[in-house]
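Here we start with a single chain on its own, the form predicted on its own, put down as structure tokens.
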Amino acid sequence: MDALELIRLNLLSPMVLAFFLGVLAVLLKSDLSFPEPLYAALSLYLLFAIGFKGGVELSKTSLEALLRPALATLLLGVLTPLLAYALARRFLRVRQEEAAALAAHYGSVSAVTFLAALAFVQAAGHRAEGFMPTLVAFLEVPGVVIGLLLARARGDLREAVREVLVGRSVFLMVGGLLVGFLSGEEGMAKVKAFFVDPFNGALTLFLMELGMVAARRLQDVRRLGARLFAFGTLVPLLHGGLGLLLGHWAGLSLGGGVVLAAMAASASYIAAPAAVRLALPQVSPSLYIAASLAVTFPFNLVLGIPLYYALGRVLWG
């Protein structure tokens, strides 16, 4: 599969096309909108389904197989916020608190990017390890916590960490993971028609809504300038490359390594914003939301994931 075929495979997937349909709806001032209850229901469904399917796979995985990938993921959870913080301070020249807010977002994970990467490697004929949702949880928490520590937040830091741990993204994924792990294949057989077969359809609708949200943030990108655009595209490349190297070291398959790279390259827009707003109210959300959702997310969706896959094929040989 050549580079053009990789890009075609990604661009013509229903998920990516739905994302840009949402962007187009905003640019053309369409009256299209998602009811808030539907958006919330899709979020809950996707997050629990991710965890549940991962838990079923985890019930069939040995501790020995999980150990090195878990260590690699935790290392990513420490390194990526530190790198993002240093780059934000040096190249964006933002204040310490603003750099820490960006570090929390770029150290954490976008669950939808994770899902898009899973769908991509599957379409490319590969299969990521079933315990990958476990690694999402491992990467989600340390990135946010380190970002908040970098801001030297006082008073509210403990509450902010609690907010991350019990927030819907981590809670649902970890909870779903536990349910899937305990119920195993027998439990999966009972709910497969709801949590497996309709999954990609729900993801497609969710991405349409995200496309509309991203389009509404384009004004922020224009206002903050080219440096924010450069930050939002170069940091994912750096983090994605690091994810590939650590995934290879951990013994993941090509599919698993590419998904880990996409996880490291992504930026959170669910758990991290909730925590940052609580701990760093003086930082404008337009900075980190515009960077993560209007720049990094579409970049990974269109170019990043195929690029990580192409680099992975070279690394895995």
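Residue positions are given as counts along the sequence shown, with the first one as 1. Nothing here was measured: the structure is a model prediction, and the numbers come from that model.
The protein also exists as the form predicted together with a further copy of the same chain; that form is not presented, and the subsequent description refers to it.
Select, from the options 75-83, 103-111, 195-203, 135-143, the stretch whose residues sit within 4.5 angstroms of a further copy of the same chain in the model of the complex by heavy atom distance.
Residues of 195-203 come within 4.5 Å of the partner.
Contact residue in the model of the complex, from Leu172, Val94, Leu246, Leu237 (heavy atom within 4.5 Å of a further copy of the same chain)
Result of the distance check: Leu172.
Partner contact for Val191 in the model of the complex: a further copy of the same chain, 4.5 angstroms, heavy atom:
Flag for Val191 set to yes.
So in the model of the complex, is a further copy of the same chain close enough to Ser183 to count as touching (4.5 Å, heavy atoms)?
Although a further copy of the same chain is absent here, Ser183 would touch it in the model of the complex, with heavy atoms inside 4.5 Å.
Answer with yes or no whether Arg227 is in contact with a further copy of the same chain in the model of the complex, where contact means some heavy atom within 4.5 Å.
No, Arg227 sits far enough from a further copy of the same chain in the model of the complex that none of its heavy atoms falls within 4.5 Å.
Contact label in the model of the complex: Ala65 to a further copy of the same chain, heavy atom within 4.5 Å:
Judged by the heavy-atom cut-off of 4.5 Å, Ala65 is well away from a further copy of the same chain in the model of the complex.
Partner contacts in the model of the complex for 20-43 (non-hydrogen atom within 4.5 angstroms of a further copy of the same chain)
Going through 20-43 in order - heavy atoms within 4.5 Å of a further copy of the same chain in the model of the complex - the hits are Leu21, Leu24, Ala25, Leu28, Lys29, Ser30, Asp31, Leu32, Ser33, Phe34, Pro35, Pro37, Leu38, Ala40, Ala41.
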